[in-house]
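Just one chain is shown here, as structure tokens, and it is the form predicted alone.
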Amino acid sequence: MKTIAHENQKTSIAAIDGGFSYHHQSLRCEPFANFFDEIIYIRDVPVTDLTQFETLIIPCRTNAFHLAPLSEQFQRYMKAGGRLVVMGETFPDRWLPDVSFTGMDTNFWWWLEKGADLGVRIVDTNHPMSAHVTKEAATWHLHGTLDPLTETQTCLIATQNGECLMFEDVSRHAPGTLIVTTLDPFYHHGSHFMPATTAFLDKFLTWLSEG
């Protein structure tokens, strides 16, 4: 059931609030609050019918310890046709099947070098997401990659070496969809620094809202 209507929204979106200040800021305050039809406190997830939402977002740095007991519920949600979007630093390799993660040392200061390029690439320029999310919007820093991918996982964003930073899987949990990324925009936007992450969320949420 929709409780908030975004003027451009075409699909219902819910997000989980892990109880962190950056989740509160990102999910419940402008400029993004109206993208969400429902904000679900993580301890209320087990008693929530997730199938009423077309898309469910698990924001950055939601505690994997709290997500693990919900794994089967998330998988049933996708099997019922839902789209699960798992953001960075949630370690889905620990609570979802067939998801790999390899951490890396984060270079926060790569941009201080003149002409530096972090190397983020939009892999499939024909994918609907690429109409909104650009290389520039997806560039701030990296925490890890999702390799190796399974046969059903399609890379959407990658490093310059081809390591996956975001994949989409429309088959493993069909008729639902799983999107996983190592990018962590909710954390940085909600913490009031890293302006690129605000630009990313604006474009990423717009794409998700279009279905």
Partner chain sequence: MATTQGRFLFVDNTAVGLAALPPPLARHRVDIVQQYEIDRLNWAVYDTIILTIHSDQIHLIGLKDKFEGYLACGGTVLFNGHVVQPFLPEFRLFQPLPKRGRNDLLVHREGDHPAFDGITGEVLSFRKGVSGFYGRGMNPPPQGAIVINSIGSDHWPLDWIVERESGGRIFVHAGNDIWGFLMIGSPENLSHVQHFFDWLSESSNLKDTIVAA
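Numbering follows the first chain given and starts at 1. Everything numeric in this text was worked out from a predicted model, so none of it was measured.
This protein has a second form, the form predicted together with its partner chain, left out of what is shown; the following refers to that one.
None of 127-135, 113-121, 88-96, 69-77 except one has non-hydrogen atoms within 4.5 angstroms of its partner chain in the predicted complex; the exception is 88-96. Using a 4.5 angstroms threshold between heavy atoms, Asn63 counts as touching its partner chain in the predicted complex. In the predicted complex, its partner chain lies farther than 4.5 Å from every heavy atom of Leu149.
For Tyr187, a non-hydrogen atom is located within 4.5 Å of its partner chain in the predicted complex, even though that partner is not displayed. Its partner chain is not shown here, but in the predicted complex it comes within 4.5 Å of a heavy atom of Ile42. Contacts of stretch 12-27 with its partner chain in the predicted complex, defined by any heavy atom lying within 4.5 Å, are made by Asp17, Gly18, Gly19, Phe20, Ser21, Tyr22, His24, listed in sequence order.
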